[in-house]
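Listed next as structure tokens is one chain, alone, in the form predicted on its own.
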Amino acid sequence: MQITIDHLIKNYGRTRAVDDVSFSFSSGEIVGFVGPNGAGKSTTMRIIATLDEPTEGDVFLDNVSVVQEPEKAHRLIGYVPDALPAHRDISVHEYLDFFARAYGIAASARKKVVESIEEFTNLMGIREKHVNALSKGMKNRVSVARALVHDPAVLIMDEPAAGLDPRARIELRELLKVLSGQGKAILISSHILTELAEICTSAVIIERGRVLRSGNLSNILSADAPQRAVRIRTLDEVEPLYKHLLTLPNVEAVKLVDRGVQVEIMGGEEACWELLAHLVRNGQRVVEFHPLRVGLEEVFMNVTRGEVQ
């Protein structure tokens, strides 16, 4: 399935929360939706999930318009909000069963569907507990289970890792990988950028309602790196290598690090290859030549200014 966000605009009075946002992703992708607080992420996600209407623009799930056919689109989407609404006197199992009924799952299949979702999301041990008595991590897991009850093709997840302990975050990350492997398209927002970069295939960076970067994660990281950091280690003395590197063109900086050097090179992979070839030609016995990847946090800090509408 192809999900296309097409020139979305959302105004609240004189405030433009979403300003001509366009990007796309497809089945099997995990897309990180990144931006400072107030950037328009939640508003965009609510529009995609049919919970809000755009002032202009549309979202298409293949050929299904979220604006024109919200009921049809709603059945294709699972939405995980940033916080599970408070529910009193209802157990986890009753909560999931209620949503299975709401989605029209027949009684003959409902019990099996709910139990399979509880097992998949590791909720069997707490299925009789009241939802409002659960920890943040458990509520998050219930929210994900609810979003999966009708087996949607698309998952929209708004800050699902917020407030989770390390074990719960790891479990969530592994669950997302499994869901992606099943062919679900996943759009997830998070402020934990290092963890997001580990699982995402693509990313969208947004600020003040506008898309600043979007596309394949590797392309975004390389495009925003005019220079590359490379770690080099040889079998020879490090001091001569250090001094030699300082004389080379396209080398911006060199520093000694743990029995080797780290060098900043202007350019991309070809510049790295040229440097390695030069060192080998000059008799350096290179045993480690490791380009250090630019992180999503660094790109985020480079392209955003921390502004809100």
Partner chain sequence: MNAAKLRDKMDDLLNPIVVKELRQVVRSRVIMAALILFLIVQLAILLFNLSVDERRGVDYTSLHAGRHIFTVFQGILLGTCMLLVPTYAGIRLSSEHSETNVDLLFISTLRPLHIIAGKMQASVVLMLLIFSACAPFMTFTYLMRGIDIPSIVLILALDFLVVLFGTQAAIFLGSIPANLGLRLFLGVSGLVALFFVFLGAMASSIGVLELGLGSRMDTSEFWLAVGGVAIVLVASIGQFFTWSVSIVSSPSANRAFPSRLYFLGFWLVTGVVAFVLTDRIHEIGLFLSWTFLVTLMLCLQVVVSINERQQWGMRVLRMVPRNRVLRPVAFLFYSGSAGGILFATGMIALTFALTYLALNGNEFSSLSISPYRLDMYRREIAAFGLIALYTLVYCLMAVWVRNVLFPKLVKTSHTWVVSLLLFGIGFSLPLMLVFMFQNEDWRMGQVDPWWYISNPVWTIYEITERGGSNADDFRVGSLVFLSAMTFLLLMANMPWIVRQVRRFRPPLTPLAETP
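Positions refer to the first chain, counted from 1. Values in this document were obtained by computation on a predicted structure and should not be read as measured data.
Omitted from view is the form predicted in complex with the partner chain, to which the following refers.
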property: Three-residue site Gln68, Tyr79 and Pro85 fully in contact with the partner chain in the model of the complex at 4.5 Å by heavy atom; result: yes
property: Position in contact with the partner chain when the complex is considered in the model of the complex, options Glu94, Glu171, Glu115, Asp236, heavy atoms within 4.5 Å; result: Glu94
property: Interface membership of Glu270, the partner chain in the model of the complex, 4.5 Å heavy atom rule; result: no
property: The partner chain contact at Phe120 in the model of the complex, heavy atom, 4.5 Å; result: no
property: In the model of the complex, Ser108 touching the partner chain (heavy atom, 4.5 Å); result: yes
property: Any non-hydrogen atom of Glu53 within 4.5 angstroms of the partner chain in the model of the complex; result: yes
property: In the model of the complex, segment of 43-51, 238-246, 28-36, 272-280 with a heavy atom within 4.5 Å of the partner chain; result: 43-51
property: Residues in 116-146 with any heavy atom within 4.5 Å of the partner chain in the model of the complex; result: His130, Arg146
